[in-house]
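What follows is one chain in structure tokens, specifically the form predicted on its own.
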Amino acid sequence: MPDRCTYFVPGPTWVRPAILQELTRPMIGHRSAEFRELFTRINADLKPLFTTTQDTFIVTSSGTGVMQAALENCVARRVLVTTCGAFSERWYQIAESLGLEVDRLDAGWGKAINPDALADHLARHQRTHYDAVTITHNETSTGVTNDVGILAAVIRDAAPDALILADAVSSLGGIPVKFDEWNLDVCLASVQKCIGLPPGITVAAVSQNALDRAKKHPYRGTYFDFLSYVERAKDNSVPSTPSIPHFYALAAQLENIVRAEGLEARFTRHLQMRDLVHKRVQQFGKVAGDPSHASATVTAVEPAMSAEKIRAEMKQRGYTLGGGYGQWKERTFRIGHMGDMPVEDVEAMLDVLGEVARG
């Protein structure tokens, strides 16, 4: 197994060999005392990751599955979706597929959601009852981070009955998430980005308001019923058979994130990686997203030469970079600087990238 990072895709991201080894542990029954002890450790460390004292749980599913679950559990009729790129638009696509009435507030690709625009929209739609508003904390397609705390405060002021559903897929574990302080109702993150595991499970935090809303929805389904997850979590368990190897790996990784490295040191390292990437990119191109809302975990780069040619040459030299996405597919490539990758490995990659991109 390689012990250095040469893989800079913004998810699934590089996984440390020690964490890959955790996935090979022997099986245990998911109703056993051993599993309950494992779950207890995980859930205790999830709370500081979300900065919450409220309910947290784990779902064996992609993040998209839990996005759908959030809408199914919390929205009876109408939802406002804030969009600024491909993954925030996913909320819109899922809501439409569920037959919900969906309004959209679109900031445009590469820009962050403007709090004043959100306040204006809610003021102009005072007679519209939104069951929920969705926010994507970190837009992976463009490398832009939204000011969730400020946006949530706007929603609480203008639409106090609306639940706030937040996607933290590419931020949790790399950028501070303050579930209680921001007064969120659902926050979810799959583990293959900043948390640094292979894809396969999603972690979530939910408020009592979200659970109370879910109780009013008789047709929540079975697999994604938030009430069932919370009830089982209180007994240090899960509603149905989980991916047990992922739970082993998650327990070890949360121990590393919360205790060994520490959250503040981890956040600082992500900022260091971002700043290093931004500085080096100026030699051959530019950062495509709004630099005033630049993500600490992923950067979309618009180079002077062909983005795909750069990626192909980097691949030949042993480095994998992320492709452009959606509207920016042809003009950009993306660098994932998240999870467990050391700053020196990012620097080594950028040395080679500079040679390639300058021709």
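Since this is a predicted model, take the numbers as computed values, not measurements. Note that residue numbering begins at 1 and tracks the sequence as displayed.
Just so it is clear, the following notes concern the form predicted in complex with a further copy of the same chain, a form of the same protein that is not shown.
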_By the heavy atom within 4.5 Å rule, which residue out of Leu263, Leu98, Leu227, Ala76 makes contact with a further copy of the same chain in the predicted bound form?_
Leu98
*Considering a further copy of the same chain in the predicted bound form, which of Ile94, Ala107, Ile175, Ala214 comes within 4.5 Å of it through any heavy atom?*
Ile94
*Interface stretch in the predicted bound form with a further copy of the same chain - options 77 to 85, 283 to 291, 193 to 201, 206 to 214, non-hydrogen atom within 4.5 Å*: 193 to 201
_Contact of Leu20 with a further copy of the same chain in the predicted bound form (heavy atom, 4.5 Å)_ = yes
*Can you check whether Ile28 is within 4.5 Å of a further copy of the same chain in the predicted bound form, heavy atom basis?*
yes
_Even though the partner isn't displayed, in the predicted bound form is Thr222 close enough to a further copy of the same chain, meaning a heavy atom within 4.5 Å?_
yes
_in the predicted bound form, is there a heavy atom of a further copy of the same chain that lies within 4.5 Å of any heavy atom of Asn43, even though the partner is absent here?_
no
*in the predicted bound form, does each residue in the set Val15, Ser62 and Gly65 place a non-hydrogen atom within 4.5 angstroms of a further copy of the same chain?*
yes
*Members of 303 to 331 lying within 4.5 angstroms of a further copy of the same chain, judged by heavy atom, in the predicted bound form*: Lys315
